[in-house]
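Read the single chain below, which is given as structure tokens and is the form predicted on its own.
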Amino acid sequence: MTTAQAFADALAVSPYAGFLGVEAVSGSSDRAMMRFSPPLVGNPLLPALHGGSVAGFMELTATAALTAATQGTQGRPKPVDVSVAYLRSARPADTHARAQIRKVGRRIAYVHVLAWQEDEAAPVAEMTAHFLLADLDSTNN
């Protein structure tokens, strides 16, 4: 299986990705899109997407990219710590994200995700996260 297919499959099996309207960009192993829908709006006065939907979208993108890169051999990655920087209001529009896997160790992986709407050079948010790749209890037995 290609990493692009593994990435798409990792997103397709997630109920949360389905709820948010997240799908893999065709042929990509690190890029996803969250289609706009009214329930994603957090502030109707601006209007702007809810920060939780943007953060959830970026975490899903990172998890799918790690799953694809390891071909699922490590199990489903579990977030250890996540830091999100909201750079500007995310308008009610389709949002894109790209995950860059910076380091994959035996147990921990470090991923950076950038989210944007129309211009990748003008991101709406960025995320850095560490993920646990292997269950520590099962590796010590």
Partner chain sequence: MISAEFRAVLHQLVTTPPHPAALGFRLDHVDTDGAVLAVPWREDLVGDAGSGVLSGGVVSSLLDHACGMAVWTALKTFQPIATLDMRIDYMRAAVPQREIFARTHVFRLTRSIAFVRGLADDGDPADPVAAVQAAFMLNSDGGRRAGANLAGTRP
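Residue numbers count along the first chain shown, from 1. The model shown is predicted, which means the values in this text are computed figures rather than measured ones.
This protein has a second form, the form predicted together with its partner chain, left out of what is shown; the following refers to that one.
With a 4.5 Å cutoff on heavy atoms, Glu59 counts as touching its partner chain in the predicted bound form. In the predicted bound form, its partner chain sits within 4.5 Å of a heavy atom belonging to Glu118. Within this chain, Ala85 lines the site of its partner chain in the predicted bound form, having a heavy atom no more than 4.5 Å away. Arg76 belongs to the set of residues with a heavy atom inside 4.5 Å of its partner chain in the predicted bound form. In summary, among the residues Ile101, Ala48, Leu114, Met33, the only one with a non-hydrogen atom within 4.5 Å of its partner chain in the predicted bound form is Ala48. Counting a residue when any of its non-hydrogen atoms is within 4.5 Å of its partner chain in the predicted bound form, the hits in 25-58 run Pro38, Pro39, Leu40, Val41, Gly42, Pro44, Leu45, Leu46, Pro47, Ala48, His50, Gly51, Gly52, Ser53, Ala55, Gly56.
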